[in-house]
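In the form predicted on its own, a lone chain appears below as structure tokens.
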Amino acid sequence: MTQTHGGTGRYFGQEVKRREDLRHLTGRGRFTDDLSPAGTLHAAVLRSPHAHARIGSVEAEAARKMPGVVAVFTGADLKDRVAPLPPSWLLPGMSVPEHPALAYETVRFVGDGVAVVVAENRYAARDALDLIQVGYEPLPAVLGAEEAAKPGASELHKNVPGNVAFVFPARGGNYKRAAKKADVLVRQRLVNQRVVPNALETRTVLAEYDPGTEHLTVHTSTQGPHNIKRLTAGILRFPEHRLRVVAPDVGGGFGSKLHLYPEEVLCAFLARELERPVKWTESRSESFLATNHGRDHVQNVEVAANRDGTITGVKATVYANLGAYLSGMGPGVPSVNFAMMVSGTYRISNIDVKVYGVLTNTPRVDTYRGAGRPEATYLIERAVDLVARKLVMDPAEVRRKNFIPKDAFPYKAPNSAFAYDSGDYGPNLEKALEMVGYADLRQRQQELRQEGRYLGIGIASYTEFTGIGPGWVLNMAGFEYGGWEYARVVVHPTGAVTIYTGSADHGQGHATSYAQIAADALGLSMEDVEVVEGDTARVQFGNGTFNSRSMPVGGVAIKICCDKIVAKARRIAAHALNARKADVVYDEGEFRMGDASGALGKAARTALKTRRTIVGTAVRAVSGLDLPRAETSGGAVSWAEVARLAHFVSDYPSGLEPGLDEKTFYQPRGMTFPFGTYVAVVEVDAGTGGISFERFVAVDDCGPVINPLLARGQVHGGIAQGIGQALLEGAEYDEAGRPVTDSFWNYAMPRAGHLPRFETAHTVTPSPVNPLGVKGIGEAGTIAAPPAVVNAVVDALSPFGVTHLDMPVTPEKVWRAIKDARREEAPKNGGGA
């Protein structure tokens, strides 16, 4: 892979092994639940068994009297002391329901918190929950977004009439006219099912309050400690400058740990109230009930196309399930993140999308790896295959015909505020098809069908946006986070370097990739660079890690700081060398004279040297002391010597402050749009409905790749999650709203045996919007894998006349589809006999 990018040096593009892994593989990681200060109390939350019910009474005296129990608080106890949790994305005209930390009048989903017990140990706390008596008056529950939005449906909140929190249109062109002129119209109802994130580490919170200093510290497994700090301070009316939030090692998040939860607020409140450390650790079953879920769309799509395969318009009416309350970015996921990306990699002139954001009696739905772009890509990639099927065209050819051409970038879709930065989709598709041997596969597919074997080939091309920003664009869309990222780079007197970044690693390998960027920019070894993040006391500001923003925003912020450091260090080195800054070059740890042999350079050096000699002579004459000098040798001075001079020598260049310490708030001028093509090859057993993978090829383009090893790991993990959604996963509820998939016994997570060998590759199209040219890669697999797999399965079933199956495409679902197709075929055959 040949790279062209703004990153240079010996580390950029190298497969450097993760420096974090030794600690984790040897059990030396330090996660929140590993922390137990002396005197720690343990909290347990009583959760509603009803999806929708009015709370009549809460009797907690028996629990309060139980040995080991320190305190019990109900929703009624807290309603005037703890403010509701606010969403962070406020769309214009949106209705915002109250989201109390503990419900006090009505519970709205199974798992809604009603009371919290604090005890000397977690077992006593959980046992005491059984002694709390709650009088519930069950109410009708609504679970699906379409159902909840229908007239007459049971309403969750008085200020959200009809359960519709918002209606978000995203239109451009004239779809009605396109549909009228089209040769073909293709319609399909798609269900992008609800999934449960299931990070390896469940959520955990530990809060400590020091009454002496009146400081509150919250350790929590979060992706965004600074925003947790800001929101918690506001909800508890606690001085933000005395609140510290720390995210130690975090065992995965996938977006589910990005936002504020009631348990973080509760532990902070309890620690201050009881003046003892309070810890809450989520059980795995609790995680199914109370951690944010992902996806959950019903999409009604219509596509207009010409007979030659040109897609002229897309219309979509979408019902997005937001759950019982609005979570942090929950409203923005199906609106901005989804609706503005439905045209994917294609130049489609007429788009008409309307999204209904609906509240239901289910857990909150918010960001989950990809957050809106998987739903958009699934819609358009299934639609492209349906168009190809309708027109009897090769699905690869339909994609080629409709791709946004390379010379159209920067490209803005007619229904979107986003401008795609760069793209070259054709070569990426061709590379994927070449890797999989597409032409031969199509031939083999026909031969196998003669043998009663059903091979399916599924293609999915995707694009998304990463490196979210700039802030003013986000703010216009109602998003209250900034689009910037903060970085600070400090050079110690020894020459060692510490980087402080506002992003927050939860398994991505930031300590490795950020060190690669900094080591290259500073001309140092990676061993000289330490990375600090996830602590609001050590890192002053930050927006956290999501939307694959770490490299295109956080990494660029570090690069900018490093460039500032080198520029200042060159001035110090030039002063030490009696040279002009312009005459000094820096390379791999050494500042030396560059091309200063000309008359001007020599004259400048002579003048500087003469001036310093005169000053030095004068100082000696007055004080008898020598000015400190740099240890220069042969017209060069080392990085370490410059670091020493920066801190301990008083003889600085004019106007320069001591130290090498630079910071920045990097505000990206635009988002980046990585892209790629995935091809899944499956074989379906017509007797059992079983699906087996034959090949899985993924060709991504995220611009220059900083660390191919980490990028490949991100792609592998994403594909595994994407295949999980395509074939296995799905949160389901009974008619009363009780979850029937509430543990690993009944929720199918993908295991190694479910997954094929991943064949990955990259094309490289740099982004013009940042100096490194990099884009994000963390979400690609979850975006492209589901449509690739479903397209492959449906392709395999095409001889049976099957045109669509909703995810998860289980063997039972496939078997029933084949059975139904054969049943429909039988009367025709029988009638002809």
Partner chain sequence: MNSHEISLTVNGKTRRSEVEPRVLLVHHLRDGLGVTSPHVGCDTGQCGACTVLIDGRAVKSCTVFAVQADGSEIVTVDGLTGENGGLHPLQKSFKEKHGLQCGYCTPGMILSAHDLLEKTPDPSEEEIRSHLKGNFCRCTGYQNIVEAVRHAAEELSERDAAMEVAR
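For clarity, every value in this text was computed on a predicted model and none was experimentally measured. Residue numbers count along the first chain shown, from 1.
Below, we turn to the form predicted in complex with the partner chain, even though it does not appear here.
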Open item on the list: Contact check in the predicted complex: A233, F238 and P363 versus the partner chain, with a cutoff of 4.5 Å between any heavy atoms. Do all three pass?
Closed with: no
- [ ] Answer for K65 alone: is it within 4.5 Å of the partner chain in the predicted complex, judged on heavy atom distances?
- [x] no
TODO: Indicate whether the partner chain has at least one heavy atom within 4.5 Å of a heavy atom of D34 in the predicted complex.
DONE: yes
Open item on the list: Just checking whether F758 would be counted as a contact of the partner chain in the predicted complex - the rule being heavy atoms within 4.5 angstroms.
Closed with: yes
Task: the partner chain contact in the predicted complex: W745, any heavy atom under 4.5 Å - done: yes
Open item on the list: Tell me which stretch of 348-356, 314-322, 247-255, 68-76 has a heavy atom within 4.5 angstroms of the partner chain in the predicted complex.
Closed with: 247-255
TODO: Report the residue, out of G144, G482, G172, G713, that has at least one non-hydrogen atom within 4.5 angstroms of the partner chain in the predicted complex.
DONE: G713
TODO: Quick one: from L709, V191, V585, A477, grab the residue that has a heavy atom within 4.5 Å of the partner chain in the predicted complex.
DONE: L709
Open item on the list: Within 4.5 Å of the partner chain in the predicted complex, counting any non-hydrogen atom, which residues from 95-125 show up?
Closed with: R122, Y123, A124
